[in-house]
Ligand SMILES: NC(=O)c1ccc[n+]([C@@H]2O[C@H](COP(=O)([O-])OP(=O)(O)OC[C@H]3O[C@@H](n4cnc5c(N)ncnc54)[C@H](O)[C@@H]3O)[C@@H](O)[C@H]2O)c1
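Below you'll find only one chain, the form predicted alone, shown as structure tokens.
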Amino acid sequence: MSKQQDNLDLAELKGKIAIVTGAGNNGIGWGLCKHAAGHLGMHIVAMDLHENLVDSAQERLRSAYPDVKALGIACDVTKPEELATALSTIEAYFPDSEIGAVFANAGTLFHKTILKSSIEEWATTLNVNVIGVVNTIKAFLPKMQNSEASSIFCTTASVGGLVRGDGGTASYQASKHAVVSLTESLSFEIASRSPQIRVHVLCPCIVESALPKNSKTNAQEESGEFDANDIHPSSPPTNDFAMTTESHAQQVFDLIAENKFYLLTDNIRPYVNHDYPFEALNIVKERMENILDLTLDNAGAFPTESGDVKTSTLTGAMFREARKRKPQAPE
């Protein structure tokens, strides 16, 4: 079996540029920026939708990692012209540095069923999560192909892009299935012509993030209900089972070093301090078995005696334990 690339020595990335979209709001992208700067010695370009977010990211990175350069760029990934301008800005700011990694990470999420979601929410989700990734590929990949140096191009999907659709995030999961597929296509397209570029798709499980809240804020700003000047980096909600963005980034780069294409970042030790994983591979396997049998098992949609949440995917040890810990309503 032919692979696109061999294992990567992460030390090769030192002094190169890491470009991360969706990096300004203390989520997955922010964790990737900090790890790339602090552990790998990479220069950082933190991109996000709003000036306040990237200005804060730039300031925090420069303060924490003075030995590397950091640049914040406000950019809407759904607009190719803004990505083209961003590339020109990066080339001018880092005239002597090559791109070592691009993380097409910007995303949005609305927790709604198909019938309760609006077409506008679907359009936003697909434009940001899918077209935004395609635009990012088109903006930066040609520049990376012109270099013979080893580099990484990584898209952000979700574990939701590998498992079956469930009851409350249809638009998000549909978009993430698309990201998995288009990244597989990208890997195949450049396997022989650009083997120096290692292509990966990131499929996180549960990571500290305020993505739903931020997505709502961005939609309100777009509609004029919220002033962009009032948007500042938000703190993700606490979760006993989630990975921190820092530990998640460590797992991402560990998997990259092992030449994994699907960066399936489960909630396992040493990246968390508990023994209640998402059990992602088991759920992926269930979906594959359904496909091979040409059936769809909807057992999870029906009530159970224990009153478990109706779901086809949130069934692993993490969620069983979370339901045990949930306070019981008084009789």
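As the structure is a prediction and not an experimental result, all values here were calculated from the model. Residue indices: 1-based, along the sequence shown.
Beyond what is shown, the protein has a form predicted in complex with the ligand; the following relates to that form.
Trainee: Report the residue, out of T125, N214, N135, Q173, that has at least one non-hydrogen atom within 4.5 angstroms of the ligand in the model of the complex.
Mentor: Here the answer is residue option N214.
Trainee: Can you pick the one in V102, V201, A249, V77 that has a heavy atom within 4.5 Å of the ligand in the model of the complex?
Mentor: That would be V77.
Trainee: Hey, in the model of the complex, is N218 touching the ligand, heavy atoms inside 4.5 Å?
Mentor: Yes, N218 is a contact residue.
Trainee: Heavy atom to heavy atom, is I206 within 4.5 Å of the ligand in the model of the complex?
Mentor: I206: yes, in contact with the ligand in the model of the complex.
Trainee: Within 4.5 Å, heavy atoms only: does T183 come near the ligand in the model of the complex?
Mentor: Close contact is absent here: in the model of the complex, T183 is far from the ligand, nothing within 4.5 Å, heavy atoms only.
Trainee: So in the model of the complex, does A139 come within 4.5 Å of the ligand, heavy atom to heavy atom?
Mentor: Outside the cut-off, so no.
Trainee: Judged by heavy atoms and a 4.5 Å cut-off, are L49, G107 and S158 together in contact with the ligand in the model of the complex?
Mentor: Checked in the model of the complex: all three residues contact the ligand.
Trainee: Among 289-297, 22-30, 63-71, 35-43, which stretch has residues with heavy atoms no more than 4.5 Å from the ligand in the model of the complex?
Mentor: Stretch with heavy atoms near the partner: 22-30.
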